[in-house]
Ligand code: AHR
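Only one chain is shown below, in structure tokens, and it's the form predicted on its own.
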């Protein structure tokens, strides 16, 4: 028996909704076919956006969407994606599949999509191959409500009023595909470029995100922060250490070496534990990068933005290797559950996270095939966890949490986090990482004697996944196999499962 202690009175921090964010890149079938089918498509759409996909994403309360990349961002020139679509420039997407990018989805379409989703906007600018002027003019085009060349161009293209940029990334992966830079060189470029991300709207300030590290590259974090905080920012920037509101972190989970990541659907129990072991490593990455950030930002004014995370396996057989299309199993669901629990528990530093990617790419929440759409196991995890958004993290820990696994890949059997919503409801999410072993769990509250409990479960064999022929092979279901007694709730967490509770 494991005991999950929850002190619902000890609030540890605020869980930003943006921790449950998503990422959409011009990569494979994420944008085209996944999110955008065009106004003339036979697939039901609203202004070109797939209605079924938008409706499904609204159901999980998507809080923020990052676009246009990813590696694509640092070769994207925004003026190619505005104006009449028949006049937009075509280009080869050299990063992803060598296919023609016709730029029919651009700035106007992105903001239309976010308006339909009701989510915040995260735009990633081009530092790798773009200029300061280009970035500055894009900000002006999007956000300036006055007389200027870019504002007039926006109006000419059919949008009278400016939009709102909630977050703006100054470059992407500039240690790699975004220019192969050193941290000091990028740090100085960041200082320069961010200067021209002008705050044209006092009612809607843009939060600036600096390109942070890849996985365990602590050298990058140290070098960028040292360079950016070498002198205090003057004037209105003084409250932003290093001229930034956020520092990104990218981390992908896979069981093999980079060149051979393994199948998304065919694997054994050792590979299962190897993958989950690497998911658990997110905890160490946040702690160690956070320790460096604490040196330069002890008041935690700079948020850690894990704006690319998730599973990266070999592509599905027969698909374009540059499209990164992969299936999604219960293994992906457990990785998502582990990761989101970790983010919740580090909400003092982690202020945003974006799973990669939203549709048809890597660890997607949705897959499409022509007019068909399926929800992946990962989608159901986001649905089960959505009540953590904007809630207060509360103290929780597991006593009797076994260590399980195979060979050197050892993980705790249970992953958990708990929060309290504004109405007082306690939200609990628990993952059982074991492939084979059910585990009895007793939830013990500090003071709460539950009077109303709702619960759900997601479970299945480790390789179980949904297909277009069997779209509901893995799905969230009501969970009623629990017993409440005073301040305690007891249940058995099935092997390979996520269980969620809402307790009043």
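Here the structure is a predicted model, which means the values were calculated and not measured. Positions refer to the first chain, counted from 1.
The protein also exists as the form predicted together with the named molecule; that form is not presented, and the subsequent description refers to it.
(request) Among 50-58, 454-462, 63-71, 434-442, mark the stretch whose residues have heavy atoms within 4.5 Å of the named molecule in the predicted complex. (result) Contact-bearing stretch, as computed: 63-71.
(request) May I ask whether 23, 172 and 308 each come within 4.5 Å of the named molecule in the predicted complex, counting any non-hydrogen atom? (result) Verified in the predicted complex; spot residues all in contact, yes.
(request) Name the single residue among 88, 387, 191, 250 that comes within 4.5 Å of the named molecule in the predicted complex, judging by heavy atoms. (result) Contact check passes for 250.
(request) Select from the listed residues 333, 264, 362, 340 the one whose heavy atoms reach within 4.5 Å of the named molecule in the predicted complex. (result) Selected option: 362.
(message) Taking any heavy atom pair closer than or equal to 4.5 Å as contact, tell me whether residue 96 reaches the named molecule in the predicted complex.
(response) Because a heavy atom of residue 96 falls inside 4.5 Å of the named molecule in the predicted complex, the answer is yes.
(message) Please tell me whether any heavy atom belonging to residue 78 falls inside 4.5 Å of a heavy atom of the named molecule, as the geometry stands in the predicted complex.
(response) No, residue 78 sits far enough from the named molecule in the predicted complex that none of its heavy atoms falls within 4.5 Å.
(message) Please determine whether residue 357 contacts the named molecule in the predicted complex, using a 4.5 Å cut-off between heavy atoms.
(response) Yes.
(message) I'd like to check something about residue 324: if you look in the predicted complex, is any of its heavy atoms closer than or equal to 4.5 Å to a heavy atom of the named molecule?
(response) It does: once the named molecule is placed as it appears in the predicted complex, residue 324 has a heavy atom within 4.5 Å of it.
(message) Residue by residue through 116-148, which ones have a non-hydrogen atom no more than 4.5 angstroms from the named molecule in the predicted complex?
(response) Sequence-ordered list is empty.
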